[in-house]
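The chain below stands alone, shown as structure tokens; this is the form predicted alone.
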Amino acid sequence: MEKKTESYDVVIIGGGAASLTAGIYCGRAKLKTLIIEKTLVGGLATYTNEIENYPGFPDGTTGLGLMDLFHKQAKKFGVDFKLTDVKKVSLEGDLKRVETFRNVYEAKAVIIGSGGKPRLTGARNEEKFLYDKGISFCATCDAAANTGKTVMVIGSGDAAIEEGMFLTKFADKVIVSVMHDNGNMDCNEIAKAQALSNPKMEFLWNTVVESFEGEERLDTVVLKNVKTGENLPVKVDSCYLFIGYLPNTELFQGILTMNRGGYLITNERMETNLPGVYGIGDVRDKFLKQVATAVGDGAVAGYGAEKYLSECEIFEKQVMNEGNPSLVYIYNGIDAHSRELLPAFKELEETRKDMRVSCIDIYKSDGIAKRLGVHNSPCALWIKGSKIQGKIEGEITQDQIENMCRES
């Protein structure tokens, strides 16, 4: 089957909070933007019944309600949505390709917000109680809903124990299932000591989950003792799984730089190792995974994508001058020496009609300088036939500029 090809300015993979925010920024910048989401627009946040720590909602909100607002705002700015799965990507070069089962979407910028998924136990009936039916993955999101109740935490790593201690601020009892021997935990020693001395925390050692039980909602977690094989039913109001997190980055293996856990490595601008490709939200290596931090990621990437596309156009039409002679001055607007040379280049712009003169300020963005292989300023370059023919760096004088132009 021949796939239909469509062109966009920006393609965003994933439809969670970070992706929707990036879409809002791109759409508002008048960029033709597509968001591809394979399941539910809004991502994991839609499964959270109550969100009380997102600014602007003093009475709290539901995850589904909040993401619906994000969705409507993105659509307001003309963002297109496709509910389908991405099968293949080609992210190298100026034109990127994102393939689904039926279509190929081409774009100059791609933002990856494919999120991730919590690692599951694989125990019996687990799927039946996920998210809003008793099994949760975010204590920060759902703790208040467990005020005065009994909850269970599965796991003993830093996240499990720290989130468990946070839950004790609300729940009457926090039961922790640990697969190791008595006293052995995977968390840091400080957290371990604090947890063991917390009167609200109870530890069940050498246990793993055998099954989850209940009618419409979870009410019992059956634990299995890994040494004796004995099953222990434990009555709970909810259960939190903290046994790891799996980013949805399989599609980008060998293409984008990742850490050992499979998370995308980005800089503070959300840029990956490939120009024009950004990583946002839960898919990237970051300290805190929340809707609020996802929004920040999306805003940065959306703004960055708009700047990148603008620089692409300037680079091709102005800097490279479509193969015609071009004199380019790279300077930093806050550097006095760099500014002193500006009048000389402005004069050349008026007197030399046989070439194009461009002055590029790198104070706010160094994207064009990077494309030219320039890492220091000031720097003057003579370009012809879309290739750099001459280059002057450092202490540039007007005589050097005139000589370079004369030799051209």
Partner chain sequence: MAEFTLDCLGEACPVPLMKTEKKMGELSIGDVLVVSIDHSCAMKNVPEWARKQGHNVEIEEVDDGEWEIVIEKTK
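Everything numeric here is computed off the predicted structure, so don't read it as measured data. Residue numbers count along the first chain shown, from 1.
From this point on, the text means the form predicted together with its partner chain, which you will not see here.
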*Using a 4.5 Å cut on heavy atoms, which of Asn198, Asn188, Thr100, Asn324 is close to its partner chain in the predicted bound form?*
Thr100
*Sole residue of Lys32, Arg339, Lys38, Arg371 within 4.5 Å of its partner chain in the predicted bound form, by heavy atom*: Lys38
*With the partner removed from view, which of 160 to 168, 269 to 277, 102 to 110, 254 to 262 is the stretch that lies within 4.5 Å of its partner chain in the predicted bound form, judged by heavy atom distances?*
102 to 110
*in the predicted bound form, does Ser211 have a heavy atom within 4.5 Å of its partner chain?*
no
*Can you check whether Asp85 is within 4.5 Å of its partner chain in the predicted bound form, heavy atom basis?*
yes
*Though only this chain appears here, would Asp132 touch its partner chain in the predicted bound form if you measure heavy atom gaps against 4.5 Å?*
yes
_Contact flag, Arg124 vs its partner chain in the predicted bound form, heavy atom cut 4.5 Å_ = no
